[in-house]
Ligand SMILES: Cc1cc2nc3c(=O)[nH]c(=O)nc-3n(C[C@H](O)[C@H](O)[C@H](O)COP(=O)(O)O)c2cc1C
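A lone chain, given as structure tokens: the form predicted alone.
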Amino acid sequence: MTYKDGMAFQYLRETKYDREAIFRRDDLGQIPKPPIYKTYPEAPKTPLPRPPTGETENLWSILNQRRSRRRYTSEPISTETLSRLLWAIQGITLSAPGYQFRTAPSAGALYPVETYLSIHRVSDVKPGVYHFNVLDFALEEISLGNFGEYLSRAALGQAMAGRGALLFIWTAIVLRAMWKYRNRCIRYIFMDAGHIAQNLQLAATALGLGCCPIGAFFDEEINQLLQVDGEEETTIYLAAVGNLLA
């Protein structure tokens, strides 16, 4: 067995499109189409202020400054700053029949990536785990408490996961993309997550904050914290954000 026999290469081979295979029926059967928005109707909800969308620093300067920053102060960030970050990653920018387009692109405008937050130090928001309700632009409370140390351990000991003012946690609702794109959907889901994470890094840089994406973590430990099943919805990406330590 060689590296080319491994799961990664096998997946790429099996999900390639060619002019014949793209029309060939797979054996997955009918796949249900989930709702495009996830909400927690019974959860306490914290509305967020709509951010201004006026001029900011030159985009080219922001791109030049962007780095993965891992060292943060203990200062909180404001609710207004949090709302800007959330709008940057998944804010609705245009409504059309059957679609609400967002700041980050998504294959087929299906938006399979959900945003959760572990808030450690944000003004006027209690520490805890929250879900970002995109449609209502609000936070939905899942569990209260400071889970910074737990998340640092779950991120293979990466202290920044718990030391930032907050940790963004992205999950994938797989069927939201799979009903249309079948097995190839996994490719698109991770592309979507990358678009979102880049928007976060640029927004954080524009706001003078540090941000560092995290791809290494114990999946099930974070799924348990979010209370998701780890199959139809599972954690795929993290990013720490905080005020920069000089």
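Just count from 1 along the sequence shown to find any residue number. Note that this is a predicted model, so its numbers are computed, not measured.
The same protein also has a form predicted in complex with the named molecule, omitted here; what follows describes it.
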Does Pro213 make contact with the named molecule in the model of the complex, using a 4.5 Å heavy atom cut-off? yes
Is there a heavy atom of Arg67 lying 4.5 Å or less from a heavy atom of the named molecule in the model of the complex? yes
Quick one: does Ile173 come within 4.5 Å of the named molecule in the model of the complex, counting heavy atoms only? no
Taking heavy atoms and a 4.5 Å cut-off, does Ala104 contact the named molecule in the model of the complex? no
Counting only non-hydrogen atoms, choose the one of 110-118, 68-76, 127-135, 142-150 that falls within 4.5 Å of the named molecule in the model of the complex. 68-76
Taking the named molecule in the model of the complex as the reference, which of Ala154, Leu86, Leu166, Met160 has a non-hydrogen atom within 4.5 Å? Met160
Considering only 220-246, what residues come within 4.5 Å of the named molecule in the model of the complex, judged by heavy atoms? Tyr237
